[in-house]
Structures are given as C-alpha cells and as structure tokens.
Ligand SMILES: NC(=O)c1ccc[n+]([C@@H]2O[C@H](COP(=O)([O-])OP(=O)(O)OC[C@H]3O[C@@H](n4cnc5c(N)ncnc54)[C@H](OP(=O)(O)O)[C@@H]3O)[C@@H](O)[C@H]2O)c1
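What follows is one chain in structure tokens, specifically the form predicted on its own.
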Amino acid sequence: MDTPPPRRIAFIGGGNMASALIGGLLRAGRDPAVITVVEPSEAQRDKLAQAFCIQAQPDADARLADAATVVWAVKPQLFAEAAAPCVPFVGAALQVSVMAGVRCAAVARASGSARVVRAMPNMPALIGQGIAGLFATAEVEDAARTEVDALFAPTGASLWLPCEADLDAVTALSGSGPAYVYYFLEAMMQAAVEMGLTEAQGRLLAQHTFAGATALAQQSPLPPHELRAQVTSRGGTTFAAISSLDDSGVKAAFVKALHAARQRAAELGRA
C-alpha cells in the first residue's frame, strides 16, 4: 500500500508566532520540506531559512496550491494586502488564522474558502508554554480539527470554543494576559528596589514567585481564593498587603481592565 504524500503547510507571514508554530512542527517530526513561508522581508526570510532549513519566498505563487493548510500570520491591518495575491492558489486549503480581531467571515471572503479555524495563541507559545483559544466554522471537518490540534500542540495547551465571539474574551484573558503578568512583575521589582533590594534581586524573587505560585495552582485541587487564604493569616504581612489592594480597588480595576480588552477585541473584529 502506497504511503500518502505528507500534507504541505504554508505560512503567510513569518514573524514570531509563525516561527513558534514552525519550530513546534519541526520538533514534532514534521519534514521541513513540506513547509513554505511567504515573507516579504529578506532579513526575516534569511532568519527562517537559517533557523529551520525551510523554503521561504518573497511572494505568493502557484506553489501555494499544494498546501493542505494555510496559516495566516500577518498583522491584521495587512491581511487584505497579503491575501490578494494568494487567492488564486489557496481556496482548496484549510485556512488557519492567528490574526487578532479578524473574523472567520473575513478570512473566508479573502481566501475563497469557508473552511476556517481562527486561533488566539499567546506569547509563551514561543517557548512551548502558551495556550491558544480555537474556533472552527461549521465547514471544518473533524480530520481538519485534528490537524489544527497537531499544529498547536507543540506550543502549549489549546481550548476549542463553541462561539467565535468567545475569542474576544480569550484575547482579553490569555492573549493579552502575559502583559498583565509583566505589569505586576514590574510593580514587584519597583517595590523591591524601593525597599532596599537590587533590581536583579527583585526580578529573581518576583519571577520565581509568579512561576511557583502558578505551578502550585495548576497542581492543586483548591481554587485560587482558598490557596490565597492559606497564605493570608489575619493580622499578618500578607493580610496587610491584600487589605491595601482591596482598599485601593485593585481587583475591581483589574476586572474592569479585562472587560476593556474584550470590548476592544470586539471593536477590532467589526472594523
């Protein structure tokens, strides 16, 4: 029995997220010969070729017609410009978008294919510790979903969602979420320096505290509020800190910020 040829995959755009996905595919054993990248920047093409030994080309051409999956990884505002030269070649492929705010309907119109999966990954995908929210149109078959799972598995976890609108919430929580962590790391480092530690000491303490607390939360059956209670003895140092945060309305402000991010994601999708 003949072995079927490997399924080819084409990336339109070769930036950080495309690089994370390509690196994951190669670590999982995908043949670099089946991966194509369309990337107009010569410097970035050279970087991709050196890092992954893959084919990177400046323009779309008939070679894209061999791709079973096309991954759209360009900046959202450049999507229409990037899609136009690809349209004659990609209509038969599964379309996977990692572009923030670009709705499935827009990808379908631009690509000529109703088989669209929209993904919202996040920055830790670069080190295999990310999480991606995924939504598929009704035309995407189970086998194609399996292909998408295989695409994102090396970059971390994934979560399929029943409604495309849910991706706006995913964008607010996990898509933008690494920035919130860095924001609090900045604050902890600033406080460390103000209290007499060095910046390097503050960074080490803050980073390990975030990493350790998150790892414990993942492994523990207890919800976060119970874990927090275990650290917060009434009248103690943690109690003083949490009380100060509550008095300043930090939790309410943070929840409000996530709602603002979700609203902005929805606005970008309507643009």
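The structure displayed is predicted, hence computed values, not measured ones. The first residue of the sequence shown is number 1, and the count goes up from there.
Just so it is clear, the following notes concern the form predicted together with this ligand, a form of the same protein that is not shown.
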{"item": "This ligand in the predicted complex reached by all of Ala10, Ala93 and Thr137, non-hydrogen atom within 4.5 Å", "value": "no"}
{"item": "Residue stretch of 179 to 187, 137 to 145, 193 to 201, 99 to 107 approaching this ligand in the predicted complex, non-hydrogen atom distance within 4.5 Å", "value": "99 to 107"}
{"item": "Residue contact check: Gln55 to this ligand in the predicted complex, 4.5 Å heavy atom", "value": "no"}
{"item": "Ala67 within 4.5 Å of this ligand in the predicted complex, heavy atoms", "value": "no"}
{"item": "Contact flag, Met17 vs this ligand in the predicted complex, heavy atom cut 4.5 Å", "value": "yes"}
{"item": "Val116: touches this ligand in the predicted complex, heavy atom cutoff 4.5 angstroms", "value": "no"}
{"item": "Single option in Gly236, Pro40, Pro224, Gly212 placed near this ligand in the predicted complex, where near means a heavy atom within 4.5 Å", "value": "Pro40"}
{"item": "Of Val170, Val74, Leu151, Val71, the one that lies within 4.5 Å of this ligand in the predicted complex (heavy atoms)", "value": "Val74"}
{"item": "Residues of stretch 170 to 184 in contact with this ligand in the predicted complex (4.5 Å, non-hydrogen atom)", "value": "none"}
